[in-house]
Structure formats: structure tokens, C-alpha cells
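Below you'll find only one chain, the form predicted alone, shown as C-alpha cells.
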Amino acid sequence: MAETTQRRATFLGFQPPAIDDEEIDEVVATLRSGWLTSGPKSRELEAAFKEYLGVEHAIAVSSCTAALHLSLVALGVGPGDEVITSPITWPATANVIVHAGATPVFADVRPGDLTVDPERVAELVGPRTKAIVPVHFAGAAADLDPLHALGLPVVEDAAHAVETAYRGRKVGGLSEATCFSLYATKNVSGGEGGIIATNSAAVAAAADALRVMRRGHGSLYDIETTGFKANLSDVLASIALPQLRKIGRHRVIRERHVAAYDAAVAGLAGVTPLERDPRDTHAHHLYVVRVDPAAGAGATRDEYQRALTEENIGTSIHFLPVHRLTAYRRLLPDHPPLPVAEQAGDEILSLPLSVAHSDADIADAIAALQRVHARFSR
């Protein structure tokens, strides 16, 4: 990609959706069908995910948050229990543990890829530990084998990981439940939505019962459990279906953009991408770098973010450590320090990455990053 020397004329959004006529036509067909809520398109999406992931069951729900919540409840997580998870995640991962009545316990992460450190998890397992919720971060797989060896139910937060494989095995059927996101920025998007993938008939049946409030019709309806309103509408399923069909084509674009970033960042002292394990398949959901002033970046992450905004380049932060957010400082006031996560929270910056971006868009982002680095690192 040719380097540019001038500030971009228009603002480059961080992760715009990649929508074309295929998604629009699917939605129009659904609207004309008369189905707006869960119906044939939701069932078609579940079948497509079952085939893509190679799992026995795929349950379509309203969000990945709902998927995580229902999975924990289906596994019997409740008041008095503890669930170990990562602090480098969107707060919803921890929130659903609280919603289930349990207490989140945060284990520190590995410095290379910022997934939860299995050794730290093992140190935190106690008599109240009911489950573990590892997070596949930015598209990298958490190290699952040592977590499974602890003998506790595992619910994977795979919001970033629809294309991820761990040690040659596709994420989705490796644990008691795996939860995917269909949010607007995800590799497969429905605007909103989530998928629970599992090979457990018991988990699938419980999650299916929990996602709706009733069964039957008219005076014959009944409820078997005090469930939730967490079903996925056919309108959103209609957006996600063509997204899933295009996942291979989209991956080619993501890989090209990631390669361009890798080549550029390699020459920027103090700006370092997260590690990717060559044994795994990375989903390339986010391109995250660490900005270290002492290692040559010359300025903080926040200064880089402000400078890139001035260059008309949108960025984001994934993520601030959850245990340092106000709600969790109040809930867990005596939480011990998590030094790896806390340092990462000060350094990580996500650069623009979307299939909707052209090669020229990524070239603009790279050129802006190079200009900012040259200015700060003098």
C-alpha cells in the first residue's frame, strides 16, 4: 500500500458494517413473509451455525450477553456460587455472572494475547467455584485444555471468535457451551443477536426453555420455567444468514488488511500487536496494538488515540479491565491487583478493521499511525 502524507479528508469509522444487496434482499423477503419475530429464518440460522461449527445444537438468542446468561443458568449457576473469568472483556461477561446471582472472580491474563491465564485460574478455584468463563479475545483462542483439566463447566465467551480454531479444533463444540455474538461490528453480524453452541442436549434444552416465556397457544399455553425474553427475531436472522455465507470471502479481506498492519507496525518502536499462536486459527476480529511510551512510542495510548482522531482515523479501546470499572469497584472493593490486565488496560488500542474498509482506507490508517509515531517518537 502506498503511504500518503496528508491527513485523510473524511473520517474513517472504526468498524462500519459490511452490508450489501444480499442482506437487504433477505430482510425484504422476511418482511414480505409476515414473520418479524422468531420463525423460519431463525431456525435456518440455527441450522446454518450447526453446520458451520460442527455442533449438535445452536440456539439463536437476542445477544451474546443473553447467550452467556442463559448458558450459566442452564448449568445451574446461582446465588452463593463463584465464576472465574477474564478482566479483559466487555463488562457484559461479568454482568451475566451477577445477573445469575453469582460472584465474578477475575483471573489475570497472559501478556502476549491477553486471554485469561490458566495458571491464575487454577489458583482461584475454590469450593464455591461453579464455572469458568474464558474470553477468546480479539479473535485469539483462550488456552482451553488446561481450563478443561480443572474439571469445572466451561462457558466460552466467543463474541470475537466465530472463525477461531483452537489447536485445529473449531471453537463451538469444545466446552459445555460456547457463546457467539451477532452484534453490528462482529465478523458475522445481524445488527444484534447471539448463538449458544453446544453438544450437550441438556444444556440446549435448558437454554431453549429459558429463552422464551411460554409454550403453547391460547388457553393451552403454559410455562415450565421462569424464563426470559431472549429469542432472536427473523429480521435480524435474515441479516446474519448471508453474513455467514460470505464468511470465507470476508476472511480474505481481513487477512489482507491484517498483513498490511503487521508490515507497517513492525517498523514502529513501542507499538506492538498482540501475539497470535501459530497452532490456532485467529478470527482477526480486532487489530489491537500496545502503545508503550518507554519502548519508543514516545507517548501514551490516550495521546495516540487523540492524535489519530485528529487525523480523521477512528479507533477504539478493547478493553479497560472490568474490575477497575465503577460498578465492580463497588461490588468487589477489596479485589486484589491484576498487574498484567491493568498494564494492558493503559496500553491497548484497536485500529480500524472491517470488511467494509477498502485497501485505501487501511492505507490511510497506517499512514496516519506512521505520522503520529514519527511526531511522538522524536
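One-based numbering along the sequence shown. Only a predicted model underlies this, so the values are computations on that prediction, with no experimental measurement involved.
The same protein has a further form, the form predicted together with a small molecule, not shown here; the description that follows concerns it.
- Contact annotation for the candidate site: 261, 270 and 373 all lie away from the small molecule in the model of the complex (no heavy atom within 4.5 Å).
- Residue heavy atoms within 4.5 Å of the small molecule in the model of the complex occur in exactly one stretch of 47 to 55, 23 to 31, 63 to 71, 334 to 342, and that stretch is 63 to 71.
- Proximity of residue 190 to the small molecule in the model of the complex falls outside the 4.5 Å heavy atom cutoff.
- For residue 144, no non-hydrogen atom is located within 4.5 Å of the small molecule in the model of the complex, even though that partner is not displayed.
- Not displayed here, the small molecule is kept clear of residue 114 by more than 4.5 Å at the level of heavy atoms in the model of the complex.
- Mapping the unseen interface onto this chain, residue 89 counts among the residues with a heavy atom inside 4.5 Å of the small molecule in the model of the complex.
- Of the residues 135, 291, 105, 174, just one reaches the small molecule in the model of the complex with a heavy atom at 4.5 Å or closer; this is 135.
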